[in-house]
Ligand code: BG6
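Next comes just one chain, in structure tokens: the form predicted on its own.
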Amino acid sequence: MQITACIFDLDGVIVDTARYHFLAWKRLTDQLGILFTEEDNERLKGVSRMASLEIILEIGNRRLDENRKQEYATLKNNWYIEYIKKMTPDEILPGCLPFIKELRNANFRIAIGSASKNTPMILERVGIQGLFDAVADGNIISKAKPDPEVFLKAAEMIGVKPGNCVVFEDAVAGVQAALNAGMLCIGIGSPKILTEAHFVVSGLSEMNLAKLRIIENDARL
């Protein structure tokens, strides 16, 4: 089945918001007296807000009741929103726009598949909301990656079967979600980390339509 649609994760693929998540979580962990490093932050990629807080509490060997967890998760998100409200088009990652425009010119369907509820704000701030035929995000799905819900929803929204979709993902949980959806997956990052992806590139600057077709054909073999 030929690939006719591309679904992009947002954070770490289209824009680099990982640093803003880190800054917001760091503010919270400093307040809680928990040592939190950038290496720890890697564990949170592709993970929902509440699941991320659970990981942080595990790191700090802390326990909180559910009400307090909700308070801290909300506080972290408020800080994160402070940061992303200042984003500009300059923060779109290299190679993203040329690749997506090439895909659109070739009549590919293009969608976002992100667990973030802040996806609409980020797309608006960097000025690319018009590039996508559909946006599936945390506002319309209930299950976090590695559950395939977000990618299946994106495929449904653009009217393309899962087997005709390729997902671009930078997180282990996201790669697993793409595979669980029955989709081709191209990892963005390190092949040592994204071991389950069909192919891995360092960024979309390495991608073009010809290369996508080569990866697609290799995956069929």
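Quick caveat: nothing in here was measured; it's all calculated off a predicted structure. Start at 1 and count along the sequence shown; that's the residue number.
Keep in mind that the form predicted together with the ligand is missing from the display, and what follows is about it.
Out of the listed residues R104, K117, K143, R125, K117 is the one that sits within 4.5 Å of the ligand in the predicted bound form by at least one heavy atom.
The single contact residue among Y80, F99, F108, Y72, judged by any heavy atom lying within 4.5 Å of the ligand in the predicted bound form, is Y80. In the predicted bound form, at least one heavy atom of G46 sits within 4.5 Å of a heavy atom of the ligand. Using a 4.5 angstroms threshold between heavy atoms, H198 stays clear of the ligand in the predicted bound form. Taking the partner from the other structure, the ligand in the predicted bound form has a heavy atom within 4.5 Å of a heavy atom of S52. Heavy atoms within 4.5 Å of the ligand in the predicted bound form belong, among the stretches 127 to 135, 147 to 155, 72 to 80, 85 to 93, to residues of 72 to 80.
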